[in-house]
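This document starts with one chain, in the form predicted on its own, laid out as structure tokens.
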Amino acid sequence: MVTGRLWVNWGQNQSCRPEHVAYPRSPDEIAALVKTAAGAGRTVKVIGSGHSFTGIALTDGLMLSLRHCDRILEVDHSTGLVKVEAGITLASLNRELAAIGLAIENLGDIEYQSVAGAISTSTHGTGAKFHSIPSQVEAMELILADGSTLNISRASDPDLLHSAQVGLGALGVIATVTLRCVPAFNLYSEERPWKLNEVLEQIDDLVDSNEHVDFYWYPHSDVAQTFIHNRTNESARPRHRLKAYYEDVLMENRMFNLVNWVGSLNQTWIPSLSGFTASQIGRARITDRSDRVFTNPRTVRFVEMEYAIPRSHAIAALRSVKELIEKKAFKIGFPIEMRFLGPDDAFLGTAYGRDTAYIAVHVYYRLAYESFFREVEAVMKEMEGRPHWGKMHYRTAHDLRPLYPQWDRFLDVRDRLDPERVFSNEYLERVLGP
């Protein structure tokens, strides 16, 4: 156990100094640590990989790192159910699943998160016929403040599972998660540049006629970049390693980081730099293992806001953000991302009960972001937007409650499982209430 060390998240916009940081290696160790901390009147928060941009993991009490709780525990090939320890990262899980012929059916574009962190914040992916990572949870073991273990499953108590699927760390410590996996599959992926208006005119057809669609618009330009992935029975034909290194490491990360660093020195250069980045987009077609297509290396640091809006508002939302950038003369060096998802069943899932479009904005970590994010948030509020729980936003329980039909049912579960608020912090008090 470490005492008094400063903790900083990946985006370097959140920090705290916990009284203690512990690294348990088993559910029994987690339970003992939680029980002792709660008995001493300390709060308890869990960190995975620190990839959330909000204060969701901050504490001045006990911080638990589950980095050593990272094993696959059980595999049932007949059902596709895989039980894992909560601290395993998506990257490690993807590799281990591939080795045994399984895969997660839908993933986001970053795989550094822990499984518990990804489901707790409603991490998703893209695909109008698919669903978020939390929706793939069939069961979990939750350690409560008294050290007891609560076994939750879709079969035994679906309402409790729907609360715990996206629990925001407010209900207890997730020790294990059972995921519904699918047989391993390859994706055929096509990447290409478009004119922004062309994409927006065709976006509904693109989303409905393909399995996974993701597109970026580069501010200060009319260039959009689409990524379209579909399942295929064809054998993998990945890029040559040198080509992949050039594109993914040198251009998309090191060069892009240099471009943003230069822009941070003089923000008036950002529009030209963004135009330069957009001009480098090319066409690519590959077939590869699903997780290698879904996810990409991301070493350029940024701070992000992402909103989930009804899919019917997608085009209006992007056009409004574009107008906002132009009207307010914001200098934005990162592309604006849009993805699509089917309805979710988690009570606090950002896609709960509706076809959803996600719009994400990023700012280089060395630059101020609050004024831009607040303006974007005002636009999203007008479109019934729900903020991603692990990404920056300024919402409160008062104005979030009307967005979630099952809000009060989640709060009832929270009151039952953590009445003393052992797992609370300032962020959770703001978004859920005291």
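Computed from a predicted model, the values in this text were never measured in an experiment. Numbering starts at 1 and follows the sequence shown.
Just so it is clear, the following notes concern the form predicted in complex with a small molecule, a form of the same protein that is not shown.
Q: Which residue, Thr123, Ser290, Thr277, Asn260, is the contact with the small molecule in the predicted complex, using a 4.5 Å heavy atom cutoff?
A: In short, Thr123.
Q: Could you tell me which one of Met338, Ile174, Leu93, Val361 places a heavy atom within 4.5 Å of the small molecule in the predicted complex?
A: None of the other options qualify; the answer is Ile174.
Q: Counting heavy atoms only and using a 4.5 Å cut-off, do Leu66, Ala116 and Gly390 all touch the small molecule in the predicted complex?
A: All of them do, each having a heavy atom within 4.5 Å of the partner.
Q: Heavy atoms within 4.5 Å of the small molecule in the predicted complex: which of the stretches 405 to 413, 45 to 53, 367 to 375, 31 to 39 has them?
A: Only one stretch passes the 4.5 Å heavy-atom test: 45 to 53.
Q: Residue-level question: is Ala57 within 4.5 Å of the small molecule in the predicted complex, judged on heavy atoms?
A: Judged by the heavy-atom cut-off of 4.5 Å, Ala57 is in contact with the small molecule in the predicted complex.
Q: Report yes if any heavy atom of Asp109 sits within 4.5 Å of a heavy atom of the small molecule in the predicted complex; otherwise report no.
A: Yes.
Q: Please determine whether Gly169 contacts the small molecule in the predicted complex, using a 4.5 Å cut-off between heavy atoms.
A: Residue-level check for Gly169: yes, a contact with the small molecule.
Q: Can you check whether Arg298 is within 4.5 Å of the small molecule in the predicted complex, heavy atom basis?
A: Heavy-atom contact with the small molecule at 4.5 Å: present for Arg298.
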